[in-house]
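Here we start with a single chain on its own, the form predicted alone, put down as structure tokens.
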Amino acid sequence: MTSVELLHWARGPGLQISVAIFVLGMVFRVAQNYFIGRDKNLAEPRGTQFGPGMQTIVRRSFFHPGMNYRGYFTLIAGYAFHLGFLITLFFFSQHIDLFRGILGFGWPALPASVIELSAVVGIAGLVAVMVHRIFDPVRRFLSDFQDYFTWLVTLLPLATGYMLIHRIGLPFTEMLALHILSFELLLVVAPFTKLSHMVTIFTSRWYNGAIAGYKGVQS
């Protein structure tokens, strides 16, 4: 298969297959969490559930009293990556053209300089998180192959996109195909790894807070 044929496949069947796997996989993951079932709590409630659940979502999404310097670092680096990734994904003009072809509508793009800065910030956030994981003895002990694999899979679309813009590495056609394929790999892997937190994180945080609220304690 030539590089042109690979690019056509990545932009056509490859994209369709990866999107289908992502959507179906995420639906399955959400349904699995919903229908997993919980034993009925026979203890007498000492508080409410909804309010504490919502408070836990907010508390764990921002800085809060009692957070140590490791918590601050993780939160800042995490936000740097997520914001950089999302801005690059949804506000780069070529990406918007792709969404327009799929959805039938688009939205204004951000300047190329902003997109490039967002990509760099996203990459820096990911690198910072990995360095912290490697040098923190507790995080290193708790990490397994999936942690490092998902980190690499998440990094590749940003890194190959940056290389594509600056004409670094492979010829343009091959690098474009590699960039698209790296994103499709992310879509395929996400539902079956810890990356599924992108659709479950808020429900899981709410559930933890709700259970604590039911028991009358603060999560």
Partner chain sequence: MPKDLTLGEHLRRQGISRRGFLKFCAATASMMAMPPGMIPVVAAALEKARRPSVVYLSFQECTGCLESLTRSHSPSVEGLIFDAISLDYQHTLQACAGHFAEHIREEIIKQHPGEYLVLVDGSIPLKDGGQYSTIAGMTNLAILEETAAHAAAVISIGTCASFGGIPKAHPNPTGAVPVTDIVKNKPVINVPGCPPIPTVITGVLAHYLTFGTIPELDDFGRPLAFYGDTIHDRCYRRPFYDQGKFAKTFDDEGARKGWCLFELGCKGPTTYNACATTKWNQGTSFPIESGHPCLGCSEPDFWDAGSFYEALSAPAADVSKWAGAAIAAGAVAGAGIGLKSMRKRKEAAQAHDPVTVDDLKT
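Numbering follows the first chain given and starts at 1. Everything quoted here is computed from the prediction, not taken from an experiment.
Separately, the form predicted together with the partner chain exists; it is not shown, and the next lines address it.
Heavy atoms of Ile201 never reach within 4.5 Å of the partner chain in the model of the complex, leaving it off the interface. Using a 4.5 angstroms limit between non-hydrogen atoms, Leu142 is distant from the partner chain in the model of the complex. The shortest heavy atom separation between Leu176 and the partner chain in the model of the complex is within 4.5 Å. Leu15 belongs to the set of residues with a heavy atom inside 4.5 Å of the partner chain in the model of the complex. None of 145-153, 100-108, 125-133, 78-86 except one has non-hydrogen atoms within 4.5 angstroms of the partner chain in the model of the complex; the exception is 100-108. For the stretch 9-28, the set of residues having any non-hydrogen atom within 4.5 angstroms of the partner chain in the model of the complex comprises Arg11, Gly12, Leu15, Gln16, Ile17, Val19, Ala20, Val23, Leu24, Val27, Phe28, in sequence order.
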